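Just the one chain here, laid out as structure tokens, in the form predicted alone.
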């Protein structure tokens, strides 16, 4: 194999190269140089994101085990964007709370992004599981990164967050391997493309169902969502911003490749199950979010609700539904990361609990942060004319055309319910008196990450056409 034949893997290989540079630099540089490694990793992610518009990453590698194209490229850009924003938002937090292990933090983040970027192109079940583990293992470590450096401050719950995340992740891996064993045992092949032509049997369908369960843990769909609120609450906020979007996008990429392009499942007997899970996820996420006092737990249950809308688009099993799922994931990435970055900026000191009350009087202390958070909340709620409105609208259109009018009505009603808990934060910002009247000093990295997210939310809301076109190209690429 020549280097030219590896060109479809050019973007993941560039990320691998950047990760190796961070590893070597962390060994060579003094420990107080960790902040520069964060800046380098953010710049590397941003540069690779820019290079993705010029490099040709289409083609098949290793006899079709991995395939590059518009579908893979779309997800790679989402992961690179999320990685850039996570690095920017982590610069000050990691330097203050975990000063001795900054290089390792960014190395693990890069390793997770590498696993995510390989997932959408995997066309072999064994490679798919390996990519899931490469993505997931660094996340378990990062969730508990502050457990020894910040035992009584903002990291006091890090050990609990990491343990619950790890245990559920281990169970999900068992489900994936069990499903893999059943499917491969009944078919005699690990090729996803070949499995699409297999005749279904009871054990084969059980294997598919078990595979879906393993992937369901990764995206936080009900009833596999139990790890989400506690992990979000205890893990470092900039990392949670990344965790709340990137693994979900990777999970849906794998689900789409395996169950839509590979097995064509939603068109068959699995359709009622997919629709039931979508409805249950939307309902449970909304109901539990209503009474949350922690802003991070509120956004955790909000994220579960958003997964329900994504699953509704996935369950259509159509090109249009898949394209709208991709657009929804892109909009959700900039919206949710932006919201968590505002939480990071407004947390009340090192002992901050990230509560809704931390937003009291935010407008008087920092009008720019208050406006940014309001726009992120409106986008999550699906209010015109920010990106979240178009994302929900296009998902509803795809679901309606697929004949799921009842779920469209349910989703619209639940979007109204969601306004109640989103507007609790808005009311605290604009109607409550501030407990502290001093201006908020926002670190540069967090400020830049919020600005990028805000540009995405407003820009895609004002002019969604180019992003919809890219999502449609990616969908057509997957379905051939």
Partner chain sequence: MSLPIELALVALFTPAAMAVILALVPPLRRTGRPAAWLSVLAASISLGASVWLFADQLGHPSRDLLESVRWLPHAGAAMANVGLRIDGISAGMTLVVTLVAFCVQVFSLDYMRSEPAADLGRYFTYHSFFIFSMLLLVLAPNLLQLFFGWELVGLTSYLLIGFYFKKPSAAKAAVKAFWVTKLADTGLLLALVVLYTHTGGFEWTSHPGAEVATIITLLLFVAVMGKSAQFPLHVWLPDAMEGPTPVSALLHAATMVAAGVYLIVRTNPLFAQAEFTREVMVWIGSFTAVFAAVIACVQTDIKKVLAYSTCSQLGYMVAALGAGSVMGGYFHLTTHAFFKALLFLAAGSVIHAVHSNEMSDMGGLWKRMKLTTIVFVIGSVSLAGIPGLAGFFSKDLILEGMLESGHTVPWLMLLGAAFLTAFYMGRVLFTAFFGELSEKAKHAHEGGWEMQLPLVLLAIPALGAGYFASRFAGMWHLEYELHLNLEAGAASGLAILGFAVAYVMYGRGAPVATPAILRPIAKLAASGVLDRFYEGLYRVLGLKLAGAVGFFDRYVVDGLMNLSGYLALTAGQKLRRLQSGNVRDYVFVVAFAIFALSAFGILR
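Numbering follows the first chain given and starts at 1. Predicted, not measured: the structure shown is a model, and the values here were computed from it.
What comes next is about the form predicted in complex with the partner chain, which is not displayed.
- request: Only one of 346, 366, 172, 318 comes within 4.5 Å of the partner chain in the predicted complex by heavy atoms, so just point that one out.
  value: Partner contact (heavy atom, 4.5 Å) among the options: 172.
ask   = Between the options 107, 168, 356, 195, which residue brings a heavy atom to within 4.5 Å of the partner chain in the predicted complex?
value = Answer to the contact question: 168.
Please determine, with the chain shown alone, which of 243-251, 336-344, 310-318, 210-218 has non-hydrogen atoms within 4.5 Å of the partner chain in the predicted complex.
Comparing against the partner chain in the predicted complex, the contact stretch is 210-218.
Is residue 95 close to the partner chain in the predicted complex, meaning a heavy atom pair under 4.5 Å apart or at it?
Heavy-atom contact with the partner chain at 4.5 Å: absent for residue 95.
(Q) I'd like to know whether residue 74 contacts the partner chain in the predicted complex, with contact meaning heavy atoms within 4.5 angstroms. (A) Contact check for residue 74: no, nothing within 4.5 Å of the partner chain in the predicted complex.
Heavy atom of residue 223 within 4.5 Å of the partner chain in the predicted complex = Yes, contact at 4.5 Å.
Please run the contact check for residue 332 against the partner chain in the predicted complex: heavy atoms, 4.5 angstroms, yes or no? Residue 332: no, not in contact with the partner chain in the predicted complex.
- Message: Using a 4.5 Å heavy atom cutoff, which residues in 280-304 contact the partner chain in the predicted complex? It's fine if the answer is none.
- Response: Stretch hits, in order: 287, 288, 290, 291, 292, 297, 301.
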